[in-house]
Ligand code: 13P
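Quick setup: one chain, the form predicted alone, written in structure tokens, and binding and motion questions come after.
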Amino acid sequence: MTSQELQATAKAMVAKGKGILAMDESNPTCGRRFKKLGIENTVDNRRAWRALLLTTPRLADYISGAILYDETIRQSTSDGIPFPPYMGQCGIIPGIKVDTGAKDLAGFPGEKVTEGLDGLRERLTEYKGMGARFAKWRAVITIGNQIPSRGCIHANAHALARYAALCQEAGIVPIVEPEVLIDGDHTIDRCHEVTSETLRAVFAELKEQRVLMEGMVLKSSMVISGLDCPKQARVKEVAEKTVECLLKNLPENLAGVAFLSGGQSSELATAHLNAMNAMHRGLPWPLTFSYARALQQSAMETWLGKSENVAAAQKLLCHRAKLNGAASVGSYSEEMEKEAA
């Protein structure tokens, strides 16, 4: 894939009115979500759930691409069509999670570094052959007592940049995801400070590793109050501080930003994205979504592992995707929440 092809794919991933479905949960994570709903965590159930998501009618109207897990990219629809070519037929770009998870960072208690660089070049070649056109790597930054440290931020920033460079070498668009976790009692101002420091470090490393900005997508957390903060910032303040942070730290030639929901409710994640786009027109890059639970949760609660619930679950998923598609252009309203009912 040439630089022009990388740019074209990245642009399609953040196309107007569309976002990215994150369905790359590891088997243990998927199992924990299943367990809460009484769904057995088996290969067949995981395949059935992912097939439900990808075969949802009209999903491609609002979803540009979907991030798969290693197990999922090797699976097929009930008709025997492997997921990547099926997605291609539907107009949804196949993506793949390639990191191997956040592990304890040696010498830095309470902090993590994401691993998975060993053998990544070879894995990317395999995934490319299976139809993947973009990839994702997630780093986690925790706000707490005297953390994050500079060492943690820079270790993760360097890994993200090396991953991104390897992706582009393989002809795959990298999604770069430095997630500042919502857990904790920190204020929105503290989140702003940490997010700014993290983004500065990440983009400095990306530049050092000669990553093509036009051929990558940033998956960013929003600037938001910690879950346990006594004073929760309102929607307008989250939108203002998030956009301010991005304008201060992102290059203008970046292909786009796709926000993660990071533990927010489905409705709040949509409202925050909408406020950013409604309040700020003419930004250098599109602001869209790459949600997992904020797109999937209501559908999973309806499905419950039963084939007779598939149609109803798909209806809810498509509706949630439609609302976020509207939010990505600033045209969402709370009244739209009632349409599915």
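Bear in mind that the values here come from a model prediction, so they are computed numbers and not experimental data. Position 1 is the first residue in the sequence shown; the rest follow in order.
Below, we turn to the form predicted in complex with the named molecule, even though it does not appear here.
Q: Using a 4.5 Å heavy atom cut-off, which residue among 195, 242, 261, 156 comes into contact with the named molecule in the predicted complex?
A: By the 4.5 Å criterion, the partner-contacting residue is 261.
Q: Please pick, from 112, 133, 186, 219, the one residue with any non-hydrogen atom lying within 4.5 angstroms of the named molecule in the predicted complex.
A: Here the answer is residue option 219.
Q: Closest heavy atom of residue 22 to the named molecule in the predicted complex, within 4.5 Å or not?
A: Residue 22: yes, in contact with the named molecule in the predicted complex.
Q: With the partner left out of view, is residue 292 within 4.5 angstroms of the named molecule in the predicted complex by any non-hydrogen atom?
A: Within the cut-off, so yes.
Q: Have a look at 272-280, 312-320, 22-30, 53-61 and name the one stretch with heavy atoms inside 4.5 Å of the named molecule in the predicted complex.
A: Selected range: 22-30.
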